[in-house]
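Take a look at this one chain, the form predicted on its own, written out in structure tokens.
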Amino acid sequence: MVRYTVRRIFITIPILLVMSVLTFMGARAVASPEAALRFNPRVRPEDIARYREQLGLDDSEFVQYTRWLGKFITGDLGNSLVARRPVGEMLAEALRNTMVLAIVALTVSLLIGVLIGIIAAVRQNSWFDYTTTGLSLLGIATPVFLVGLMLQLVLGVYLQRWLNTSEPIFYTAGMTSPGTQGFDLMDRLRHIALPATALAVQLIAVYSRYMRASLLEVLNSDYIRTARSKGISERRVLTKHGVRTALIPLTTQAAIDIGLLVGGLIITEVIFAWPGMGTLFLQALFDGDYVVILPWLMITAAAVFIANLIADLLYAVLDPRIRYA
């Protein structure tokens, strides 16, 4: 497994290098740091030329790329052109906030989704199976922004009116309440409840469908019938042989979701004003701050690779028949 991991890492290096080229070209094409200056009537053309020279934008694209890549590899991400803050500090803060939200949503989604999928597979064609199937299809078809807005209205606004409380039970924006000192667990939970639920609704629907379909296929396989013929209890057949193997497709989907979530839950973060990677990316894009956009894209690409590598290694843990040379 160690050899396989090292080989995958070496294979990924040229892929990430190609990604860096595409990332640099794309970011430079859509983000122009001097765009806002050109619409300012008080800014003279010579001021714009001097600004471009300071940023090194007059150099060839190859020179700009190699200069940026060298700094990126050494960890020098520079300072934001607009916020005037270290980019590494901004990305670390945004990534931490996004991961908090993503971990809570994924944990809840996996626990509930796997449980629903197992029960629906074991009780196939029952009222529970039909009900969860319908609700899952509804959850998959409902856009995240609509779920978020409904949660804000019902649980953030109307619930406070119904209970006649001085403050909402669940907050609809931000991570902390104004004036909060230090880390307040209850305050953080009241802020994260709605955005995590908005994310979990669709994830639970997807994971439950994956788990049900995969477990049904596994329970009808030959080795499961062999295990039953040996007199092994149904509970052990289900938990030790059935569920473990059925988790493999779900592991693949969860790894893809984790890699994508690292890049930022753009819609959810915007609706709930959550200061994460998605919000940071949109702000940098609007400002033409390519210094922030470039490492953001590279971190997202690396997260997708790492998540899929972890998923591949988990396959061998879930199914002993899988071996990596």
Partner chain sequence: MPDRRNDPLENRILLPAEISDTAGVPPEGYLEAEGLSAEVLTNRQLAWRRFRRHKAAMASLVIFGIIVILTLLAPVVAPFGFEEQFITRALEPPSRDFWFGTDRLGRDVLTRVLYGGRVSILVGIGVALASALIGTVIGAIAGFFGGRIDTILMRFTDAMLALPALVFLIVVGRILGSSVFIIVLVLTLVFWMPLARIVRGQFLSLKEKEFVEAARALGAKSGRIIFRHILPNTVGPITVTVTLLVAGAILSEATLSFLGFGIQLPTPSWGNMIADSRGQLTTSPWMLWFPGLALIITVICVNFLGDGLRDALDPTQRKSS
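Positions refer to the first chain, counted from 1. Small disclaimer: the values here were computed from a predicted structure and weren't measured.
Just so it is clear, the following notes concern the form predicted together with its partner chain, a form of the same protein that is not shown.
- Here the marked residues 104, 112 and 163 all miss its partner chain in the model of the complex; none has a heavy atom within 4.5 angstroms.
- Taking non-hydrogen atoms only, residue 274 never approaches its partner chain to within 4.5 angstroms in the model of the complex.
- Using a 4.5 Å cutoff between non-hydrogen atoms, residue 295 does not count as a contact of its partner chain in the model of the complex.
- In the model of the complex, its partner chain sits beyond 4.5 Å of every heavy atom of residue 128.
- Within 4.5 Å of any heavy atom of its partner chain in the model of the complex lies no heavy atom of residue 314.
- Heavy atoms within 4.5 Å of its partner chain in the model of the complex belong, among the stretches 81-89, 187-195, 137-145, 96-104, to residues of 137-145.
- In the model of the complex, its partner chain lies within 4.5 angstroms of at least one heavy atom of each of the following residues of 12-27: 15, 19, 22, 23, 25, 26, in sequence order.
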